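The chain below stands alone and is given in structure tokens; this is the form predicted on its own.
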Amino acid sequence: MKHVDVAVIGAGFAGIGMGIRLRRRGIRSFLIFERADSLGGTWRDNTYPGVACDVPSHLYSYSFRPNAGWSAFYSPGDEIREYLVASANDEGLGEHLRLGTDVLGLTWDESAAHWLLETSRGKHTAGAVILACGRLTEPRIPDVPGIGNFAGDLFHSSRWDHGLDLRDKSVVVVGSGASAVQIVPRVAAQASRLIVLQRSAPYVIPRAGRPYSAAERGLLARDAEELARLRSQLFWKAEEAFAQRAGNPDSLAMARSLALGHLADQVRDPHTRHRLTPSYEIGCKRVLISSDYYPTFNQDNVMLEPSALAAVEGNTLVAANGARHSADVVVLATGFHAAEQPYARIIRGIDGRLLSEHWAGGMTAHASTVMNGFPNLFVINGPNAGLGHNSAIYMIETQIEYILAALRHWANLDGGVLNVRAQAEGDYIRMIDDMASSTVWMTGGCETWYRDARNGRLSLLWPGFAHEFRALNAEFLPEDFELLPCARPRIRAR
């Protein structure tokens, strides 16, 4: 049974970024466990037609590994994955990666004061564990009668069947969220008939991105300061959008006007426009970016059904409004189990308490990173660490800084492991709830995956500016923690 100072679970943006920063700090005793056979996380799993990022490329990348060569303002998915693979290779992470290794159980051993990892390829122990599992990993499949017995081809958008020819097929896309707005135009160009089942209409704004010219890429490659300035400009421009989420009336009115004007300009039929008009405040759900989603509904082979899926009977999909549609292929663009993370059911902390029990009333963590009762355990991109207006990578890097500071503090202790105080976690939760109370996510009149359905709390998003998150959470404060006994030597850089 191999022991490492640090175990990282997941090899997407968070796990690769964490690994890079560990190596740059001189820490070599760590492993990155990834259940898939390759790295990339979201950008490995999602390969559907049209997959791309809706955050500017130069902002949706590591600040410590800027890439002057992005092909476009918004990067396609395969280019993002290539960036992650290159980052891992260039930074020497190969010896630390354990691909095709599923972590089946994670248990705190109080007598040894370390974590026991049971994996599909044997057991390991670790002084500290970093959960970099992501939130968009477990597909949400509608729980409706008959779905498992559909007579045709049915798959989730993150499990795209590239061997399937959609020509001359009748296709139903279930969902109208971020994946659907990218998928629908591509499917419509192939299928003989396309029906989109829309539970609630999204707000969609124009996608203004464009390819970067060779001259632009060359300039950024030659001038590191210009590349840094571009990233900074993009960041602060994105920060401006938080005024909408905070419920500022003027900002809301401007954003709403942009989205509804976009809809009016792009959809000819007034009846269809009405069905595509959201019934809640803009920003309550994720605001989508597309310039080709709405025009799809002008096509003769495309139909919008403004209803959720209720049942499947053979090759017929039954909508909640009673409509029935036969299909050869069903694409489930139905999102992921984001608010209830499956990994929480396999993690046992002090006294054997499951993380899923700790999170039974919704995900919580002090500094969005540490949980009382789970010593030397850190989570990236977990409770209240997401954003609805800016780059997730900025948030991930903030948490990485927090974790590195915590590991440094742990390394300098004479003994003990770090367990965040219950009071600190509770105070942080109350602060989050207070900050969130007036935001559009709580007042906008929609059902959103940003909130936990069990209690209505805003459990996934940070309800403030991204730079405020960094100002509050980039610094590790030892007084927020109690020390538990530990005889094992501290983590050491080599």
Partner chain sequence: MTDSRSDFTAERRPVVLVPGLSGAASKDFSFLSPMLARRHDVTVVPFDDVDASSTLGDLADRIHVVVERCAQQPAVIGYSLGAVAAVAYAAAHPSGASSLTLVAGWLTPSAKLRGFADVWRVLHAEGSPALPGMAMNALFSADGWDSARPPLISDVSDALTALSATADVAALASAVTVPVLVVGCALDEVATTRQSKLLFGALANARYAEVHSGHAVVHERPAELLNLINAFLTRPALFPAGSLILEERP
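Because the structure is a prediction, the values reported are computed rather than measured. Numbering follows the first chain given and starts at 1.
Below, we refer to the form predicted together with the partner chain, which is not included among the displayed structures.
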item: Contact test, all of T119, Y343 and R454, partner the partner chain in the predicted bound form, heavy atom 4.5 Å; value: no
item: Heavy atom of E357 within 4.5 Å of the partner chain in the predicted bound form; value: no
item: Exercise: S63 in contact with the partner chain in the predicted bound form, heavy atom 4.5 Å; value: yes
item: Interface membership of E225, the partner chain in the predicted bound form, 4.5 Å heavy atom rule; value: yes
item: Distance check, D269 to the partner chain in the predicted bound form, heavy atom within 4.5 Å; value: no
item: Options 47 to 55, 431 to 439, 33 to 41, 446 to 454; stretch whose heavy atom lies within 4.5 Å of the partner chain in the predicted bound form; value: 431 to 439
item: One residue of F155, F235, Y280, F150 in contact with the partner chain, assessed in the predicted bound form (non-hydrogen atom, 4.5 angstroms); value: F235
item: The partner chain: the contacting residue among E313, E239, D328, E82 in the predicted bound form [heavy atom, 4.5 Å]; value: E239
item: Residues within 4.5 Å of the partner chain in the predicted bound form, restricted to 178 to 209 and counted by heavy atom; value: none
